[in-house]
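Below sits a lone chain in structure tokens, taken as the form predicted alone.
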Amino acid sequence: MVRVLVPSGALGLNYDKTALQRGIEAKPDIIAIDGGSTDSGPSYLGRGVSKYARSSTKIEWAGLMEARAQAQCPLVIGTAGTCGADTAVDWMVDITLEIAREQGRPLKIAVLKSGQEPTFIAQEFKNKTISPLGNAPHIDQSVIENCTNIVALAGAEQIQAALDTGADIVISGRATDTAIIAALPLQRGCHAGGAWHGAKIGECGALCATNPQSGVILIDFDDEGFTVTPLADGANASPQTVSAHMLYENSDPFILYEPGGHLDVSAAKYEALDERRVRVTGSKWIPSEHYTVKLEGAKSAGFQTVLIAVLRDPHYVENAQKWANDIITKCSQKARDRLGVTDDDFSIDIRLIGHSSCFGALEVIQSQSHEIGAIGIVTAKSDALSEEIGKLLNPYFLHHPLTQEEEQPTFAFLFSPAEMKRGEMFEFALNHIMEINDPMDAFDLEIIEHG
């Protein structure tokens, strides 16, 4: 049996300290926690930074490093620094060494990096080893070479290579959420289907149980399946809460693709051992003919300036979309006339909060609000141009009437100055897989000895 302690769905979300201590006392074989994902958009990958505060990350990570010392087992983090880019991994390593000095313990740290050189990926694209996933954006060599960061998602094999070094702590770049949990059970011969299925269920900690914000769970893997045990007070797992997690961030509730194959849970059986624990058997792992890793990349999408105004006059609230469309038309024309720019140089968008900010023209629910928030978004090829067009947009947001015959209205800016520079923006550019001959071909492993 292999016992995996998962403190939380991600480092930065906090964890129940009492429950964590229960997990330590249960003598886990490994402590595994995710460090991030693409949930918060492309900017973090594009810039190679974490979305979480360093101070908060350090406090939580110090607690887990202390837990590792008590449990005398490895501690693994995947997708370090939210995005898993090499610079984010370095950021996490710096925090780890700082804590190690403060705690006064010698450490062996395995650092697994998954960053890819754009020129290398461009050559692999030319060699036809890269294929698109569903709804992948169109790419060519120019798109690839313009990416500021590209990462490959590590699977179980890369995490196993890091564990094979005998490291106390493994800090991994971008990895699948499941790999850090499945790696050791697979390495020690546990049921492959159970290892991947249990890893999927445990990837977000106690999200597979009641009291989902508590974070801490134990997963016991064996040669037939796995058992899930939430550890916080008031946290219980049931066949429903466990099986439902296959739907989380997964389009197919029965199939999950990973490097080297896919998981099929269509024949899985979920059994409540008691009011807290659930036992799962019957999951299958189907190896693939070729070993592939997913690629994620982000590239610059220009620079942005935003303005926020609030409409409360019922006449303008009712006609907010008409008002916004007229502003976009007139301000865009003014930018072209006065700045000598073309439509390729900039764009103006207005999102109406409380009206259609999420779905835009696709919105089907129509309800009357007493106020509408209008966010003007100017995206341009340079920071200076986005700010200049933002200033052209300013008077429209303050005084623009629906018709020329109406009295001039005045709307409320949320801030002064109204124009807020957001700096460089990024967009995802890769949602592809790359075939490699050896699992370590796209990854670098380094060992750091401290103390």
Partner chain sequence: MAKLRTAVKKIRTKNAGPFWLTIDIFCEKPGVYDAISSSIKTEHIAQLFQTPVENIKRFDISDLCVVKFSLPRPQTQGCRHDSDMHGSSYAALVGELEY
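Residue numbers count along the first chain shown, from 1. Since the model is a prediction, treat every value here as computed from it, not as a measurement.
What comes next is about the form predicted in complex with the partner chain, which does not appear here.
The single contact residue among Leu273, Ile286, Ala267, Leu247, judged by any heavy atom lying within 4.5 Å of the partner chain in the predicted complex, is Leu247. Checking Lys334, Arg351, Arg277, Lys108 against the partner chain in the predicted complex, a heavy atom within 4.5 Å turns up for just one residue: Arg351. Taking the partner from elsewhere, no residue among Thr227, Met440 and Leu445 has a non-hydrogen atom within 4.5 angstroms of the partner chain in the predicted complex.
Contact between Thr305 and the partner chain in the predicted complex is not found at the 4.5 Å heavy atom cutoff. In the predicted complex, at least one heavy atom of Gly41 sits within 4.5 Å of a heavy atom of the partner chain. The partner chain is not shown here, and in the predicted complex it never comes within 4.5 Å of any heavy atom of Phe120. The partner chain in the predicted complex comes within 4.5 Å of a heavy atom belonging to Phe426.
Of the candidate stretches 153 to 161, 236 to 244, 67 to 75, 94 to 102, only 236 to 244 has residues whose heavy atoms lie within 4.5 Å of the partner chain in the predicted complex. Contacts of stretch 12 to 26 with the partner chain in the predicted complex, defined by any heavy atom lying within 4.5 Å, are made by none of its residues.
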